[in-house]
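In the form predicted alone, a lone chain appears below as structure tokens.
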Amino acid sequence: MVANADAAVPLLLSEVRNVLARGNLPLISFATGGTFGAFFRALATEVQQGRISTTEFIGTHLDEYIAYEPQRRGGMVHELTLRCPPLREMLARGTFLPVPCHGAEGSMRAHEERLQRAGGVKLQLLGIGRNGHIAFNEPGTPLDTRFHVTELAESTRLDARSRFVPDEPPKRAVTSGVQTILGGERLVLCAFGQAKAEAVRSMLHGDVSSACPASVLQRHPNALVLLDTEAASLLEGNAAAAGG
């Protein structure tokens, strides 16, 4: 149980430090969206004050809108580097590996192979959508998917609308698949606010099903779920953390 997104930040930074302490340039995969805004501000401060070094890890992320190059406003990499400028420096050095944004099958397979050559994801940060999606794996996505192009649900586009005003939010994206996400060594999912409560209940207490792609976390042996009181409000006993 955490009080809010700010209260989760020390736990998330601890997860980063734990994986860095093991050395060997671990691959950390970040999630975007408002859930992790406070974390990225804190991570930038830790780097700027010398307590975490971006030379100690390789970075990547989960998904990108079709045709959104790293510098394009509204894109995932653009958002990440705005919120955490040290990631922009990693991108320039080639130690942040952006998801290919044009959706060609060959580029997606090459990206996945590049992640494997980097040792595979050691720490994967995750959020959850109101409809139970993780990354951009919308309800109905097969659970054996790897990187693929997906059509975005209207609820997902609505939640992202403010980033694109006055333009319409994109309709398609390249996303890490469910099977790829499950290949991460350590998964940490955060959900805050009443709007996520139904999805959280389905994730933790529903059947493992493509109806709620996030439910696959039940199958992962090393997953942690961090919730605030509102996001946990529909859970039996109001349990606010799962995994270990």
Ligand code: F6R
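Source: prediction; values computed, not measured. Note that residue numbering follows the sequence shown and begins at 1.
Keep in mind that the form predicted together with the ligand is not shown, yet the notes after this line are about it.
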Is Cys84 a contact residue for the ligand in the predicted complex, using a 4.5 Å heavy atom cut-off?
no
Does Pro170 reach the ligand in the predicted complex, with heavy atoms at most 4.5 Å apart?
no
So in the predicted complex, is the ligand close enough to Ile128 to count as touching (4.5 Å, heavy atoms)?
yes
With the partner left out of view, is Gly34 within 4.5 angstroms of the ligand in the predicted complex by any non-hydrogen atom?
yes
To test your reading of this chain, name the stretch in 146-154, 114-122, 101-109, 132-140 whose heavy atoms come within 4.5 Å of the ligand in the predicted complex.
132-140
Within 62-76, the residues having any heavy atom within 4.5 Å of the ligand in the predicted complex are Leu62, Asp63, Met76
